[in-house]
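Only one chain comes next, encoded as structure tokens, the form predicted alone.
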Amino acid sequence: MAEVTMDKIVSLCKRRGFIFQSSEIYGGLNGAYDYGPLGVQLKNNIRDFWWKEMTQIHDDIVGLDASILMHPRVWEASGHVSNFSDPMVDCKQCKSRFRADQIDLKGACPTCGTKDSFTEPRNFNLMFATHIGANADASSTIYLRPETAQGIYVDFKNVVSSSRVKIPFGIAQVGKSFRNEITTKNFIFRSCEFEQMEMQWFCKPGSDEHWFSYWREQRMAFYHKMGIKPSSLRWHQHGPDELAFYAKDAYDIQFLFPMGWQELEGVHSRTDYDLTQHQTFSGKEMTYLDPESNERYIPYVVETSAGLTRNVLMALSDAYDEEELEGGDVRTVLHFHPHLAPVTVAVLPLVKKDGIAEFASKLERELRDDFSTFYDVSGAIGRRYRRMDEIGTPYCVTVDYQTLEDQTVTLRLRDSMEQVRVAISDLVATIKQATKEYKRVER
């Protein structure tokens, strides 16, 4: 297995239409990226896989889509206005900017090599501020949300009263967040505009440790279900210097990215801090009346917080492989789980003539009801297989002369490159069963 580098991932993404630099024709914009035809489909598939896991597999979790723009007092209550900052320094020589906690302030500048060139550290608030209304003054200042969780907390009472949910239950949300990062790096791993997949689990005080353990187990199992290599996943518990002041306990699921082990998702025991803060700042009661015990209390919260954009980078990094074949040929392949692959089935006519291309085109249209499909008639069949391997298409269907005779096609499996003959009448069921039984083989 070849080494997976960030340069290889970035090159593949640009070449095959997964991810582009934002505003590239103007020189690009740091920390901002556009998702191309394959990239947006991959991202949406991961989102849908998570959403199904949360709101369909679990019948005690409901969904929410809160506004990006919220009342500025929300961010005062959450502590983001006063505490959401990083220490920043500038190099006096080359003007490069760094987080003070990520470099040696007594050493040389990582960019220009000048020693003793850093300014004194100063706090830098990570929220993007803007104005609402006609007048741009202090009274009109609002923020682009830096996280999606607060929207869930402020709508807690609305969800309880309208959805007839009972504690314990969860509220799930997928949405964009914005952070004015001092330094953006490692492609889409850390960017100014990103998407989060968060679920806040509300439970009775005293039961939070049970649910914290439960959700740790559930969240790791989710990535195994996605087909991610278990050897590339691990837990990291927050130490005393990492733990947020309001958190009772916190663990990160880390993934072995090309640049090393980094956070993929956090599972946090947040106690009743958030709801208590919003009760204090809003003056509105955030308690819950337990219908069974007739107790009234502010629920504790266990949070699962994953980055959707980081999940995209994880999926690409985990799936990428360069396999040496017989004869010295090397194929680049993405071993996506079939549920995640941007294209599930490619339909390939062996030749363009004798009605084969027309038959294949008709078959591809019929398969669209069940799968994300692609029709490719250009080039030798082996070259077309390689193109599909490089974008992670798990199944290729080849239509040939035999197809016209007996209504069968060749089904090629991406990972093993095995080819089997399948009746067209059984094709959809065969592919669905293969997807249901799919197991990633670690190499």
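Since this is a predicted model, take the numbers as computed values, not measurements. Residues carry their position along the shown sequence, with the first being 1.
This next part talks about the form predicted in complex with glycyl-adenosine-5'-phosphate (GAP), which is not shown.
- Between 264-272, 209-217, 332-340, 365-373, the stretch whose residues reach within 4.5 angstroms of glycyl-adenosine-5'-phosphate (GAP) in the model of the complex through a non-hydrogen atom is 264-272.
- Interface residue among G170, P258, G307, G151 relative to glycyl-adenosine-5'-phosphate (GAP) in the model of the complex, by the heavy atom within 4.5 Å criterion: G307.
- Between glycyl-adenosine-5'-phosphate (GAP) and the residues F222, F118, F194, Y143, the one pair within 4.5 Å by heavy atoms in the model of the complex involves F194.
- The closest heavy atom approach of H278 to glycyl-adenosine-5'-phosphate (GAP) in the model of the complex falls outside 4.5 Å.
- Contact check for D290: no non-hydrogen atom falls within 4.5 Å of glycyl-adenosine-5'-phosphate (GAP) in the model of the complex.
- Proximity of F189 to glycyl-adenosine-5'-phosphate (GAP) in the model of the complex: non-hydrogen atoms within 4.5 Å are present.
- Within this chain, E303 lines the site of glycyl-adenosine-5'-phosphate (GAP) in the model of the complex, having a heavy atom no more than 4.5 Å away.
- If you check glycyl-adenosine-5'-phosphate (GAP) in the model of the complex, you find a heavy atom from every one of E147, E181 and Y246 within 4.5 Å.
- Along 86-119, a non-hydrogen atom within 4.5 Å of glycyl-adenosine-5'-phosphate (GAP) in the model of the complex is carried by no residue at all.
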